[in-house]
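Okay, here we've got a single chain as structure tokens, the form predicted alone, with questions on binding and movement later.
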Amino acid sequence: MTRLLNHSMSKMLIYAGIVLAVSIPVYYFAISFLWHYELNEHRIILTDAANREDRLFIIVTVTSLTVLFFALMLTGFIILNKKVSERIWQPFYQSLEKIKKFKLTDNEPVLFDNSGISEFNELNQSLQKLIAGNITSFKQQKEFAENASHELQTPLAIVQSKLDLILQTHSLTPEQYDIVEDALTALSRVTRINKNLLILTKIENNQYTETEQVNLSDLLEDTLSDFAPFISERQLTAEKKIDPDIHIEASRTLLEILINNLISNAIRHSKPDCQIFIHLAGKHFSIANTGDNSLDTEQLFRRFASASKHTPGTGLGLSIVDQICKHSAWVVKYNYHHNLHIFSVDF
């Protein structure tokens, strides 16, 4: 039963124990008084030994009967109280179970049953309005993010091409060249954020529904080959242990995004002359890179949150990884062990 019910039961048991302890001497003195009254009324004289035996008999009998009746009454009351409480609170637990199963990303309203109890019906109506309002707000936010990302793609591409043309001219001074290059770097980051926001929106809208058998081993090898120049540029070495012919049922697009984000994250946050460890065995994939301090697990997969005071915000890469795993029913974990940041995914 609930904590509230257990708390009420414990108080009731304490109260019953006090009543039982007080009632025994009261019963004893009452019956003893009646016993002596009857003896005097009928002029019956008992010896001291017989009187002591009678008193002992009265005490034992009164105590036994009182305890027995109290136990029977208390047991019946507890059983009855539990049955009544379960029946009364059943609509509450039904509503609570539906709320626990509710997911905002499903975009499906919660429908509560008529409980026949006005208080619970009023509570369910308030919850239904609150959930419907949250679903509407969530849809509007997703639509805004998707529309904004789509609309921004074209002007961002135009601005980038114009800046590239400016860089190709020979009339720029070194100072102007640096300014344009800084603008291009910032624009590339905005373009990447815009692309990632669009990916997140598509994941939340369940637009990646098609799955296929993907050779994860080959995909991982190909991805590492693509990242080889960047690994070399960062003066890193990749130590890999990949079991061959590991196949999983997944969306190839989402799987590629997940692996790309984890590998690029490891490369970007590794110091020069360090190693990156890539491991694939069965349905377990892990990638590790060196680091001096553990990351904040509460902030790690949040959008634009900073997981470490030593590095800027992690952006959207790990947030996308988290959303892909939730969408595909995979499990992503982070662990810091022996100066290694270890990200693992169980497919």
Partner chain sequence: MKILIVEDEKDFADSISQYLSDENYRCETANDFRTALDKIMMYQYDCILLDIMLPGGDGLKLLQEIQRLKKEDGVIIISAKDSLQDKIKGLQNGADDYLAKPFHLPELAARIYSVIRRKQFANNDLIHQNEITIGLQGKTVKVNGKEIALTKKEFDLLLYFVSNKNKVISKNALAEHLSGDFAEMMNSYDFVYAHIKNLKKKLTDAGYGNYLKTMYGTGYKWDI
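For the two forms, the rigid core is made up of the largest set of C-alpha atoms that agree within 1.5 Å on superposition. The shown structure was predicted, so the numbers you read here are calculated from the model rather than taken from an experiment. Numbering follows the first chain given and starts at 1.
Just so you know, the form predicted together with its partner chain exists too; it's not on screen, but the next bit is about it.
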I'd like to know whether P272 contacts its partner chain in the predicted complex, with contact meaning heavy atoms within 4.5 angstroms. no
Does the 4.5 Å heavy atom contact test between G116 and its partner chain in the predicted complex come out positive? no
Taking heavy atoms and a 4.5 Å cut-off, does F227 contact its partner chain in the predicted complex? yes
Is Y177 close to its partner chain in the predicted complex, meaning a heavy atom pair under 4.5 Å apart or at it? yes
So which of N205, S95, S217, N260 gets a non-hydrogen atom within 4.5 Å of its partner chain in the predicted complex? N260
Report the residue, out of L172, I135, L74, V110, that has at least one non-hydrogen atom within 4.5 angstroms of its partner chain in the predicted complex. L172
At 4.5 Å between heavy atoms, only one of the stretches 261-269, 117-125, 86-94, 136-144 reaches its partner chain in the predicted complex; which one is it? 261-269
Using a 4.5 Å heavy atom cutoff, which residues in 178-205 contact its partner chain in the predicted complex? It's fine if the answer is none. D178, E181, L184, T185, S188, T191, R192, K195, N196, K202
Please state whether D222 has a C-alpha shift of 2 Å or more between the shown form and the other one, with the rigid core used for the fit. no
Core-superposed comparison between the shown form and the other one, N206 Cα displacement 2 Å or beyond: no
Inspect the rigid-core superposition and answer whether the C-alpha of D273 shifts by 2 angstroms or more between the shown form and the other one. no
